[in-house]
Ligand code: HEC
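Quick setup: one chain, the form predicted on its own, written in structure tokens, and binding and motion questions come after.
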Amino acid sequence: MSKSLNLFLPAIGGTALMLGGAYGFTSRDYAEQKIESLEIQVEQSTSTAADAVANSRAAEAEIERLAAERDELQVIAAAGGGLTQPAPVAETVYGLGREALPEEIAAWDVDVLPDGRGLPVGSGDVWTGEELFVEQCAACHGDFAEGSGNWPVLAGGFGTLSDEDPVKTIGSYWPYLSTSWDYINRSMPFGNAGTLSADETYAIVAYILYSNDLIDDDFVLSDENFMDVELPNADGFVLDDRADTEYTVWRTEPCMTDCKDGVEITMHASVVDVTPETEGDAQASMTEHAAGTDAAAEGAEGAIDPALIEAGQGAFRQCSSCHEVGENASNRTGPELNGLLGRTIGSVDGFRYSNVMRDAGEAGDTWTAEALEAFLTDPRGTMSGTKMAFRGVRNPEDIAAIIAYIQSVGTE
């Protein structure tokens, strides 16, 4: 038995030696892995710290730049200069084109800045502005700038900016009067932009100011006192510095992985006239089927070409912002157009017509295809003084299609 025990003891010793060696190797591998992991963490932390230092230095440099720009603007403002400086002149000459003529620059340089630069010489009083507003603007904005239909309100809205649906006017929202002058001068009246003189623009702006209770009825607005008018919300705006203070914080590289295999169109916006028609081309239909305005009056002799009616539905979109036709049509900025052909001009109940329309109705004039064609071609040239602030339809084929559509829908 002692011999067996002697054999067993060396066996135990050998096993222990093997286990000890294995444990030593395992411990050494674990230590090496741990050291390697810690070294990686140290490198990452060092890199992060370096980035933080670089970002901090960049932020300090940006702060210094903004402070210098602020100081420069303060010096300019203190000296009576404007805060908007001319664009820098490029030193490099590319050898392309030619130098712009003074009259060309004057034609392009029509904007008016918040500090008054760009204002032309002129003036306009409130009562002249009221007459011009009724003639040129009231069809869309109402006689008292109260808005009409879907056209915006130009007066009031005081204290509504915190509402769910605020009313934004120069009396409640806009900070600079130059915005109104510049927009009206360049873009109004609707359909006839750029036709107002400087004096007329001053007068209309004066009337809008009066409608917002910002000036008295005897006030005369001019380039000399323009900057004396302060709007109520002038201090409600701040400089948008997000490009410098925020964008660099949250802007990251876009994700370019795990993208969808394909894109499927699930809905069209044709209900709001955004998506082009997918079945046929309305313009092609007009070109192919419209044969002049006589085709619009074809209903007296036979059925109107369905393709012409379809083309007219598309062309009528430029009229639909002011006029309705068809079932349940009602007056909007313009009168409803049901039964228009053969109807006495200016005869829709409840609609306030211009004097020229009322005079035509009192004279017994009616809307014939020829009269409607002439009016749609040049509204103001045909009836001087009309409230319809629209430049007219230039394409005779569109006119024929519109008349056909009105005749077909308005008599159903």
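If you superpose the two forms and keep the largest set of C-alpha atoms that fall within 1.5 Å, you have the rigid core. One rule holds for the numbers: they count along the sequence shown, beginning at 1. Because the structure is a prediction, the values reported are computed rather than measured.
Quick note: we don't show the form predicted in complex with ligand HEC, though the next part is all about it.
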| query | finding |
| --- | --- |
| Site check Tyr183, His323 and Pro335: each within 4.5 Å of ligand HEC in the model of the complex by heavy atom | yes |
| Heavy atom within 4.5 Å of ligand HEC in the model of the complex - the one residue of Gln318, Thr128, Gln313, Thr160 that qualifies | Gln318 |
| Contact assignment for ligand HEC in the model of the complex, among Phe226, Phe144, Trp151, Phe219, heavy atom within 4.5 Å | Trp151 |
| 4.5 Å heavy atom contact, Ser354 to ligand HEC in the model of the complex | yes |
| is_contact(Ile215, ligand HEC) in the model of the complex, heavy atom dist at most 4.5 Å | no |
| Contact label in the model of the complex: Ile402 to ligand HEC, heavy atom within 4.5 Å | yes |
| 4.5 Å heavy atom contact, Gln136 and ligand HEC in the model of the complex | yes |
| Listed range touching ligand HEC, judged in the model of the complex by heavy atoms within 4.5 Å, from 96-104, 202-210, 111-119, 246-254 | 202-210 |
| Interface residues of 189-210 toward ligand HEC, as seen in the model of the complex [heavy atoms, 4.5 Å] | Pro189, Phe190, Asn192, Leu196, Ile204, Ile208 |
| Core-superposed C-alpha of Glu336 shifting 2 Å or more between the shown form and the other one | yes |
| Sense of CA distance change between Gly142 and Glu362 in the model of the complex, threshold 3 Å | farther |
| Pairwise C-alpha change, Asp359 versus His141, in the model of the complex against this form - closer or farther, 3 angstroms or more | farther |
